[in-house]
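In structure tokens, one chain follows: the form predicted alone.
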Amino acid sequence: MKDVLLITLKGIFRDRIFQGIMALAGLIVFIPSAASLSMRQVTELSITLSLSTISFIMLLLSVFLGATSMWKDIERRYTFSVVSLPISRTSYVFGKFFGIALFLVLTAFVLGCAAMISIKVSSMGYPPARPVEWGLIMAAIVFDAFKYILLVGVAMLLSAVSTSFFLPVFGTVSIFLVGTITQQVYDYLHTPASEKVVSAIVKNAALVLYYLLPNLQSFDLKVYAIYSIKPSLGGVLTTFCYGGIYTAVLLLASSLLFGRREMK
């Protein structure tokens, strides 16, 4: 598994994705200039733009790396050479996943450092009404990375059963979009107003999807970081355990499905 992990990382670096991320990290440094156009809450806007930029870049990476990494190996017939070696398919899947996950962690670190510089410059030029909670900003970046690592697990699961490029990419994007609103739908279904407009069948179907699909909204700590509000420690720990268990289930399912897949 270690060898597959290292090969995956080398392949990502050869594609010059990391250099592109470094360039985007440089753009984050210019966020204070854009935030200064706001008449008020310059630091808050700088935090918002920085965290949103990091989230968008991580989304693109998780979708395209997670959905295409295994597919490209199969398409180029690299996988045939790997599985012929004394290495199990489970180790191959886990190695690919952890290679991409490690790259996302490195990306989050680089972009996080650039965001810290950006926010610090904004806070020095325009002192905020509330003190900047650096720990909350770091927590928001860490949980954002954790969310997109989980999304890589989704992409790997779809790649394990798909023979085309489109299902992993568009399937992962679809699950991301649905996963960001499941909590709002769940909350709405438990309001008195929903009983008048939502049938019991639709409500039960929505609740089943709520429990099956990943709740990605729970990983979003941006609001806490922007307004320096400390989140519930119990909620944070619950989210962390939930993400770890859900990702582990996705990986196990991916390895089982890929192990049954016929290589042609």
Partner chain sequence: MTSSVRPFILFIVSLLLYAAVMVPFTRHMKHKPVEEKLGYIPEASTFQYLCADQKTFISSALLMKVIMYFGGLTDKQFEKTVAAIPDYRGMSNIIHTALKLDPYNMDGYYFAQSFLTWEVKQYAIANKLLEYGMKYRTWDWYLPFFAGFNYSYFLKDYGKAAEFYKRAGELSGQELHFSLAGRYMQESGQTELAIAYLTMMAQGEKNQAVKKNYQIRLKAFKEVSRIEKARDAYRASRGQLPVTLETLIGKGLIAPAPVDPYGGTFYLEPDGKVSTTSKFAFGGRK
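Quick caveat, the model's predicted, so the values are computed rather than measured. Numbering follows the first chain given and starts at 1.
Not on display, but discussed next: the form predicted together with the partner chain.
- Message: Within 4.5 Å, heavy atoms only: does Ile28 come near the partner chain in the model of the complex?
- Response: Although the partner chain is absent here, Ile28 would stay clear of it in the model of the complex, with no heavy atoms inside 4.5 Å.
- Message: Residue-level contact is defined here as any heavy atom of the residue lying within 4.5 Å of the partner chain in the model of the complex; does Gln217 satisfy this criterion?
- Response: Gln217: yes, in contact with the partner chain in the model of the complex.
- Message: How about Thr180 - does it come within 4.5 Å of the partner chain in the model of the complex, if we only consider non-hydrogen atoms?
- Response: Yes, contact at 4.5 Å.
- Task: Using the partner position in the model of the complex, report whether Gln184 sits within 4.5 Å of the partner chain, counting heavy atoms only.
- Result: Yes, Gln184 sits close enough to the partner chain in the model of the complex that at least one of its heavy atoms falls within 4.5 Å.
- Task: Heavy atom within 4.5 Å of the partner chain in the model of the complex: which of Asn204, Thr238, Ser232, Ser36 fits that? Just give me the one.
- Result: Residue within 4.5 Å of the partner: Ser36.
- Query: in the model of the complex, which of 190 to 198, 105 to 113, 161 to 169, 141 to 149 comes within 4.5 Å of the partner chain (heavy atoms)?
  - Reply: Within 4.5 Å of the partner lies stretch 141 to 149.
- Those residues of 45 to 70 which, in the model of the complex, come within 4.5 Å of the partner chain by heavy atom: Residues within 4.5 Å: Leu45, Thr48, Leu49, Ser52, Ser55, Phe56.
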